[in-house]
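Starting off, we have a lone chain in the form predicted alone, written out as structure tokens.
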């Protein structure tokens, strides 16, 4: 069953003669429980595509249906609620609040959803444990390594049990060892819990645990590589 269906996605920036046509009519579908990597050279449009699929940006033209909802038609308040209740995000810069502890950072989206404080606290600790950070609850981001900060970011992203986890270059600011650990963690969430994952990466080695790699060039999908399960790679 397709949890994401995007059709004829165009994204243009600028106006008049200064328009840049970044995405040029992309059709894509992602199955529930699938782990998909989007790859391409810098400027290929991979992060822009992920922003359309993850409701962080709106296509200039085209439709995006996520879990049965046509998200392009939602107003801003509805999009915010949809993101909060359905989607999880991991960014390359971690996006942690520096003055809050690991536990408090993970609690933020849970409290925004209306979860009671004590329940949010318990869920935050559970998520931090799940990403291998047992006992790091009171640590500030500055007291954690880059890899540990990214693990906290992943804990925050999965704490609300999102249907889809989006990861935009999650290893970009990490050394090879930490990067591998973070991707292994994301891969295990997919394989052990059936978490649907869409990840942008420029490192092929990090995409080898995926079901499919979507290759992009100049705003177009140029090739879809099947690695296992879901489709021709089985």
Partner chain sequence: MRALRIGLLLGFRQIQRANFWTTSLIIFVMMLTFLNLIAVSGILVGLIAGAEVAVREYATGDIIISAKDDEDRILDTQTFIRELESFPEITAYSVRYDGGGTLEANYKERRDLTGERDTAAVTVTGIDPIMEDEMTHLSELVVDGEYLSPDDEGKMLIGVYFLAEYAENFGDVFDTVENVKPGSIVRLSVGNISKEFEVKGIVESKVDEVNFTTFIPEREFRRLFNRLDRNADQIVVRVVDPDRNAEIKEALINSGLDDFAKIRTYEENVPKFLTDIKNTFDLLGTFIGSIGIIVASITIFIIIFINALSRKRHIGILKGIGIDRHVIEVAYVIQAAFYAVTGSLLGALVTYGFLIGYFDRNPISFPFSDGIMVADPYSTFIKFVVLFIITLIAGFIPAWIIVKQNTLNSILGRK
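Numbering follows the first chain given and starts at 1. Just so it is clear, the model here is predicted, and its values are computed rather than measured.
One more form of this protein, predicted together with its partner chain, exists but is not displayed; see below.
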Interface segment, criterion being heavy atoms within 4.5 Å of its partner chain in the predicted complex, picked from 129-137, 96-104, 159-167, 67-75: 96-104
Considering non-hydrogen atoms and a 4.5 Å limit, does its partner chain approach residue 144 in the predicted complex? no
4.5 Å heavy atom contact, residue 80 and its partner chain in the predicted complex: yes
Counting only non-hydrogen atoms and a 4.5 angstroms cut-off, does residue 84 reach its partner chain in the predicted complex? yes
Would residue 57 count as touching its partner chain in the predicted complex under a 4.5 Å heavy atom rule? yes
Within 4.5 Å of its partner chain in the predicted complex, which residues of 25-55 have a heavy atom? Give them in sequence order, or say none. 51
